[in-house]
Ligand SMILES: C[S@@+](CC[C@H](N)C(=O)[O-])C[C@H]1O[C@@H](n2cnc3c(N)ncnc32)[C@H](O)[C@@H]1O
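A single chain comes next, written as structure tokens; it is the form predicted alone.
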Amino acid sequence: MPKTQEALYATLDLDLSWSERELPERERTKHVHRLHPYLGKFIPQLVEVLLGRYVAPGGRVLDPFAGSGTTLVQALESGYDAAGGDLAAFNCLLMRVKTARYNEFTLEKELRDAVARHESLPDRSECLTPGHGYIGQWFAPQAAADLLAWRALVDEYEHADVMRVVLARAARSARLTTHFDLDFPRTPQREPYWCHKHKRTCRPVDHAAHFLRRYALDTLARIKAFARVRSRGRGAVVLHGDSRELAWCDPAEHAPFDAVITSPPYPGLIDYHEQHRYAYELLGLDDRREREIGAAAAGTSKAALAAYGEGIAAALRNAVSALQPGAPVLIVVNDRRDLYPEILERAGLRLEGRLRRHVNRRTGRRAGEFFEDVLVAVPE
């Protein structure tokens, strides 16, 4: 017999659960959290509460599965230093752009100059090579030319990485796909189609210049907004590599970390390289998907789940080695396969608490209720 709503909510930590009205999308993606869409990220408000509960003010926080940088950004806003790493090169680019400090005058001057130069190009089609491969398949000719023309400009600027994120965001929007299927497009959409999002017939995007302008100005505004709320004197370190092997802490330079706050990948769910393939293709980023823990291509067979458990445990063991004695390890996960008791044991962690929370639209379009746990563990 299904639980009543009263019984269900009696098991939840309501301080970690928000309704859509309490926490609308604009708040979940405040300032730099929305520099680029990212599937599966947890929300900054959750990190904020966990920092306040478990980490002393001014401490240092580690996220070994840093993804789009939610833990790092919120740590900087809440008055903590942070470090994080990720195997995916695009994730690390995005995190560095989000957490860097900027000369806002120079940044604005460069972004506006790049937009003006891009719009003044007499014929962007000269940047377009004959259509082939991913770019030729997923972008209309003019859209591809717009994106490649922007790419040709960025290396001339001090803030080239900011412009690369603008390019990736524009490319995501400019692909030949339906408006309602930006997360997981299956095949290029080249003909008009009935749009379930707009309830009318829509046409595939055929140019990208307007996205580049819009996102350049939006990125500038979001970086400025974050600069007003981030704590002074706090910084974040981003490492690109396998979290099972990264050297998190140099004892000669930094004290150990005071906590881990992380949300590991789920097994067989999202290919974090394929998700941003347009960025890898346009920016020539290092693709290491063969090392990805829980890669979607591996599926969820018994062998794949065993490999996933081994990988997560190894990454957590490595993170624990950089912690203060007794420091908490907070893991946000939906463990519907009950993998984490064994993972924690193999990582040398003891589970001290399990906080249940309701998840508000974590991964975009989704029907039905969704819940996850915050596992509170400490080193044995």
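Don't overthink the numbering: it's just position in the shown sequence, from 1. Since we're looking at a predicted model, the values are computed, not measured.
The same protein also exists as the form predicted together with the named molecule; that form is not shown, yet it is the one meant from here on.
Checking Pro341, Gly40, Gly52, Gly348 for any heavy atom within 4.5 Å of the named molecule in the predicted bound form turns up a single hit: Gly40.
Scanning Ala66, Leu35, Leu46, Leu316 against the named molecule in the predicted bound form with a 4.5 Å heavy atom cut-off leaves one residue, Ala66.
Stretch-level contact check against the named molecule in the predicted bound form with heavy atoms at 4.5 Å: of 141-149, 164-172, 238-246, 185-193, the positive one is 238-246. Of the heavy atoms in Arg214, none are within 4.5 Å of the named molecule in the predicted bound form. Heavy atoms of Ile293 reach within 4.5 Å of the named molecule in the predicted bound form, making it an interface residue. When the named molecule is considered in the predicted bound form, Thr219 lies well away from it, no heavy atom lying within 4.5 Å. Contact check for Pro204: every heavy atom lies farther than 4.5 Å from the named molecule in the predicted bound form. With contact defined as any non-hydrogen atom lying within 4.5 angstroms of the named molecule in the predicted bound form, Tyr272 is the only contacting residue in 272-288.
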